[in-house]
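There is one chain below, alone, in structure tokens, taken in the form predicted alone.
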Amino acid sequence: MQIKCEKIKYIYNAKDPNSYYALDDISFEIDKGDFVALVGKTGSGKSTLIQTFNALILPTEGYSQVEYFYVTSDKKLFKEKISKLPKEERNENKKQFLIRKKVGMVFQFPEYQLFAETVLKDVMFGPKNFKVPEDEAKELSIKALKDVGIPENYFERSPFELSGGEKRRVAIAGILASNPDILILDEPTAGLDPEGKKEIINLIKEIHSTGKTVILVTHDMDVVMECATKIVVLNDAKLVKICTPEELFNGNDIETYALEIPAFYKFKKLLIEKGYKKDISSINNFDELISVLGAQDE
């Protein structure tokens, strides 16, 4: 277990008559190396939940645990949990910003994370914020930029001159430069053209292949189908399902949660409805389906 959510509740405007639950009794775990898609209709609590993973938001009740870090607004519970830890880990818990060295988050709008004069300076901010020496921070940042496909002649450009896809790559590099164990991306393909979307998906898959845990918040079920190994479904602030992509998309309840069926599963369903005779229920990608469709009937 790398991340644990234990009976998390989060109330917006707690002391206001118009208060409401953004999260209501959420409990589940994420293992190291998982590729998790966090899905649900707008307002289901996805963005609120991921912000508890790096202490941007403290749960009103319950707690998030990331390795030995605990995130909660319950001071008594916090003290109880960290009291069982070694001294160094207790001290790190008291400086909660340090959790962001383990959990890097890329927000939906990359311009929210870009602010420096140049691309390189922007990416260097993360490691320098964690007290990495200037020369080492520069070296780490150059490597991160190259890893996400930003060419060297872009390093001294203003990040605000870049395209949407390039800004997203720079925002990801800014997180990777601090080498977090967990990467969280909120709608990473939103607003991108098909080519830009494909490039970002390939980049995220490549990052996951290095052993990092990836958590993806998205409404794009085609991205979920292609990337995720585990799906966590939220609906009206509650956890309603944990499953594989195949279980979700082959099931009959996906539309209950206001989720789009991926194009592949729409096509497969249409084939079955139109009377296609071969059993294609276990096929979950276009390559396999094309192979079956192209085969001669015996």
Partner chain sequence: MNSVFGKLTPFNTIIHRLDPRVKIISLIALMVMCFLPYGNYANKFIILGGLFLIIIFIMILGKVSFWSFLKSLRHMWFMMIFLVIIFALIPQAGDVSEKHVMIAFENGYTIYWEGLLQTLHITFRLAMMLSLTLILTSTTSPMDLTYTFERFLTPLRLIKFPTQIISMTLSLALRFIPTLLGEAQKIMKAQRSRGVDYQRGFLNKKIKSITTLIVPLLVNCFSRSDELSLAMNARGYEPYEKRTNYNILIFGLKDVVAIFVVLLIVGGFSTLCYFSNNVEGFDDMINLIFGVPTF
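This is a predicted model, so every value here is computed, not measured. Residue numbers count along the first chain shown, from 1.
The protein also exists as the form predicted together with the partner chain; that form is not presented, and the subsequent description refers to it.
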Decide whether Thr60 counts as a contact residue for the partner chain in the model of the complex under a heavy atom distance cut-off of 4.5 Å.
-> no
Would Lys81 show up as a contact with the partner chain in the model of the complex if we use heavy atoms at 4.5 Å?
-> no
Is Asn54 close enough to touch the partner chain in the model of the complex, meaning at least one heavy atom pair within 4.5 Å?
-> yes
Find out whether any non-hydrogen atom of Leu114 is located within 4.5 angstroms of the partner chain in the model of the complex, and reply yes or no.
-> yes
The one option of Asn202, Ser163, Asn129, Ser158 with any heavy atom within 4.5 Å of the partner chain in the model of the complex is Asn129
Want to guess which of 190-198, 129-137, 68-76, 217-225 is within 4.5 Å of the partner chain in the model of the complex, heavy atoms only?
-> 129-137
Quick one: which residues from 173-192 get a non-hydrogen atom within 4.5 Å of the partner chain in the model of the complex?
-> Gly174, Ile175
